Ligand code: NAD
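Given as structure tokens, the chain that follows is alone and in the form predicted alone.
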């Protein structure tokens, strides 16, 4: 089986690398030449356009930044749909709006192909180790066909429901992540101003009722270390919150905490933190409280 992978960003590059190392015959495409070179150096083959991949691959994976890019990669002049063959299975690991996934799945069906929305959770470490949680929307028979790829990339694969439901689940999950991250930053800043030792906060909160993934994953390794480099970018978290807020408005569901979290991430973006890890939102609280929440402070 020839497999394609389009989108070699922070997550896609690691996922594609795992597939190559597992023995998949992989064709790759990305707008960044260096990303493609990293994959060809370990055995993948490069193709210039999504259409070229579609003309050869039996299964095509996508890991793209937003709904607009995904739509262009599939429906553009050199997109997948211009050359996709009947029977091809498309697996979208991107985080996009559920209605976009539903629309693209229907377009795929008109061409004799099928599609799964399969957003992931677990970050770059989960992608590197093949321990992602994968939330799948689509037909059960397509999920079975995708099994060899998904099992190489994820430790937990959950069929949520029909097309779009995987994306809906991811947005609900990331809505909570964004809220929890802001809450953790707020609490840590207060604790530091109260004179609490960062290590004590990490140990006690991590084992108590205030624990969350955001706290456990971000407090020591990012915030206390003053390291806000590669991770889950503020820009991506903001995008997911925007999608969740938009869905909620359309459904007349109030998001009191979600809207506040989105505004805080919007301020972080305005301050130039868009490419930094989501834990960098603590800088907003540190600035306001005139303190620095670090182990050596």
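Bear in mind the structure is a predicted one, so any value in this text is a computation, not a measurement. Residue numbers count along the first chain shown, from 1.
Note that the form predicted in complex with nicotinamide-adenine-dinucleotide (NAD) isn't included here; everything after this is about it.
Residues in which of 94-102, 182-190, 154-162, 80-88 have heavy atoms within 4.5 Å of nicotinamide-adenine-dinucleotide (NAD) in the predicted bound form? So the stretch in question is 94-102.
For residue 64, is any heavy atom within 4.5 Å of nicotinamide-adenine-dinucleotide (NAD) in the predicted bound form, or not?
-> Yes, contact at 4.5 Å.
| Does nicotinamide-adenine-dinucleotide (NAD) get within 4.5 angstroms of any non-hydrogen atom of residue 239 in the predicted bound form? | Within the cut-off, so yes.
Open item on the list: Check residue 225 for me: does it contact nicotinamide-adenine-dinucleotide (NAD) in the predicted bound form (non-hydrogen atoms, 4.5 angstroms)?
Closed with: No - in the predicted bound form, heavy atoms of residue 225 and nicotinamide-adenine-dinucleotide (NAD) never come within 4.5 Å of each other.
(Q) Just checking whether residue 255 would be counted as a contact of nicotinamide-adenine-dinucleotide (NAD) in the predicted bound form - the rule being heavy atoms within 4.5 angstroms. (A) Residue 255: no, not in contact with nicotinamide-adenine-dinucleotide (NAD) in the predicted bound form.
**Prompt:** So, 6, 30 and 120: all three within 4.5 Å of nicotinamide-adenine-dinucleotide (NAD) in the predicted bound form by heavy atoms, or not?
**Reply:** The answer is yes: all three residues contact the partner (heavy atom, 4.5 Å cut-off).
**Message:** Counting any non-hydrogen atom inside 4.5 Å, which residue from 171, 73, 136, 115 sits next to nicotinamide-adenine-dinucleotide (NAD) in the predicted bound form?
**Reply:** Of 171, 73, 136, 115, the residue with a heavy atom within 4.5 Å of nicotinamide-adenine-dinucleotide (NAD) in the predicted bound form is 73.
Out of 59, 245, 45, 69, which one falls within 4.5 Å of nicotinamide-adenine-dinucleotide (NAD) in the predicted bound form, going by heavy atoms? None of the other options qualify; the answer is 69.
Partner contacts for 262-290, taking nicotinamide-adenine-dinucleotide (NAD) in the predicted bound form and a 4.5 Å heavy atom cut-off: Counting only heavy atoms within 4.5 Å of nicotinamide-adenine-dinucleotide (NAD) in the predicted bound form, the single contacting residue of 262-290 is 275.
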